[in-house]
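Shown next as structure tokens: one chain only, the form predicted on its own.
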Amino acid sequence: MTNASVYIHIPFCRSKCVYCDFASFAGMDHLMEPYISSLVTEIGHAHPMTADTLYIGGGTPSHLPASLLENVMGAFNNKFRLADGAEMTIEANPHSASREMLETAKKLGMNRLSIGIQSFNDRLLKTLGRPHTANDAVDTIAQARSAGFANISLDLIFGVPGQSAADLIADLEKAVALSPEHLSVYQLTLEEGTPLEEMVEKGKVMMPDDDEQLAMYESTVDFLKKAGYRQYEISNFAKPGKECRHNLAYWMGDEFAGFGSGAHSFTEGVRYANPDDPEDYIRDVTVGGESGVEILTDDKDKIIDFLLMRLRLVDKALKFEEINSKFEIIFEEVYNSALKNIEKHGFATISNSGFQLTSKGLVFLDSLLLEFEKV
């Protein structure tokens, strides 16, 4: 590939949140230097390309010392050319986004900051296992503005055990009052093997039921629309022109290159994945200079994967001709039964030319995809 979006993964965290199943790890700070050395090596072995976007995610990139972040960006700049007006995002959490880190990121060219707030309610932050307070979050946003970030995204979560509809609206009100350019409001999902799953199974906490989660989602969409944020994806809302271009590349099926443990790449219709464990990643790069193995999928898996990404876009109905030309099938015939079932359950509206998800379908995307997997 000659043009692509680039993702760089930083797996280190101060602590592991109870709901998180990402490739992130606490208590591994001793691996930071060898990990960054391996990351620099992997990037150095990549094919030169033009980066339309760069996204440094995690984990907690802001947990990384400024000097190591400089090493990462040095390797990136040595290998890739940035497209004009490229979007360059780095993730940060309030407990680790120091003034030095923010100023270093800005100096290195990062022009978009994504801050993991999750809630402005200290009680809910404690339930989620977050190591910061609501005041920390507000202070971080102020520091980010002072450091020169003019494009800030805030992450919030709804559907937290013990969260009421009023709690959610209060979080949204506080977020909007801070005037971020972008908001990501995610539905909390119960992931296998997480401490939260164990807490629910033991009856220590109770997740909201489907009706409550749907009501929270719809109130979020309504509130942010009135506040001037356009919903362009299931969980993402932006002021005009501030949509996350990096994530749009994923959802539209564009090519991307990923570096670091747990990172994925997609090129010429093939997906590659690096090992999640940082030690495994370091070993692979040390031995071979690079990491990653091809993810073998059949045509049906590729269709499901495409649907999982493409259907997230709320204002772009999926035309049958789009998916038919991509996979050389007659989708509306092959998946006719699945289409009828998702329409019957209120997940989508179907026309002769394509289909689009309803609010219910957007909230329960994983459930409706099961209908297509049955075919």
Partner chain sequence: MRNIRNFSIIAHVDHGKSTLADRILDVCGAVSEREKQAQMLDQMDLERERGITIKAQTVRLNYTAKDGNQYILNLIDTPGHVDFSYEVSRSLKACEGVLLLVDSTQGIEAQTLANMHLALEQNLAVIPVINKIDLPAADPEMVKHQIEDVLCIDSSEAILASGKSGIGVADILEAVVARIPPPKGDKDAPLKALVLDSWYDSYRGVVVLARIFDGVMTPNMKARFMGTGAEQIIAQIGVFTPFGKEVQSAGPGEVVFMTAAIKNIADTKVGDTITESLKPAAEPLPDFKEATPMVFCGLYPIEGANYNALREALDKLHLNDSSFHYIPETSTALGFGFRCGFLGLLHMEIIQERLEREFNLNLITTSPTVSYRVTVKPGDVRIIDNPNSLPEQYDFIEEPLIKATIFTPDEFLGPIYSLIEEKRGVQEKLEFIGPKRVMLVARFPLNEVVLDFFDKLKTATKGYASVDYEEAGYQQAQLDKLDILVNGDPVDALGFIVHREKAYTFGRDIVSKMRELIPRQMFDVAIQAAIGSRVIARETVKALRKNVTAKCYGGDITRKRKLLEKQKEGKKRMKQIGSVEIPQTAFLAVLKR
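What we label the rigid core is the largest C-alpha set whose atoms superpose within 1.5 Å from one form to the other. Residue numbers count along the first chain shown, from 1. Quick caveat: nothing in here was measured; it's all calculated off a predicted structure.
Although not depicted, the form predicted together with its partner chain is the subject of the following passage.
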{"item": "Every residue of S235, I295 and L362 near its partner chain in the predicted bound form, heavy atom within 4.5 Å", "value": "yes"}
{"item": "One stretch from 130-138, 211-219, 73-81, 172-180 that, in the predicted bound form, holds residues within 4.5 Å of its partner chain by heavy atom", "value": "211-219"}
{"item": "L369 within 4.5 Å of its partner chain in the predicted bound form, heavy atoms", "value": "yes"}
{"item": "M309: touches its partner chain in the predicted bound form, heavy atom cutoff 4.5 angstroms", "value": "yes"}
{"item": "In the predicted bound form, H45 touching its partner chain (heavy atom, 4.5 Å)", "value": "no"}
{"item": "F149, heavy atom within 4.5 angstroms of its partner chain in the predicted bound form", "value": "no"}
{"item": "Its partner chain: the contacting residue among H264, K106, K239, R145 in the predicted bound form [heavy atom, 4.5 Å]", "value": "H264"}
{"item": "The single option of T286, S98, S164, T189 touching its partner chain in the predicted bound form, heavy atom within 4.5 Å", "value": "T189"}
{"item": "Those residues of 103-130 which, in the predicted bound form, come within 4.5 Å of its partner chain by heavy atom", "value": "none"}
{"item": "F12 C-alpha relocation of at least 2 Å between the shown form and the other one, rigid core basis", "value": "no"}
{"item": "Residue shift check between the shown form and the other one, rigid core fit, F364 Cα at least 2 Å", "value": "yes"}
{"item": "Shift of A338 between the shown form and the other one at or above 2 Å (CA, core fit)", "value": "yes"}
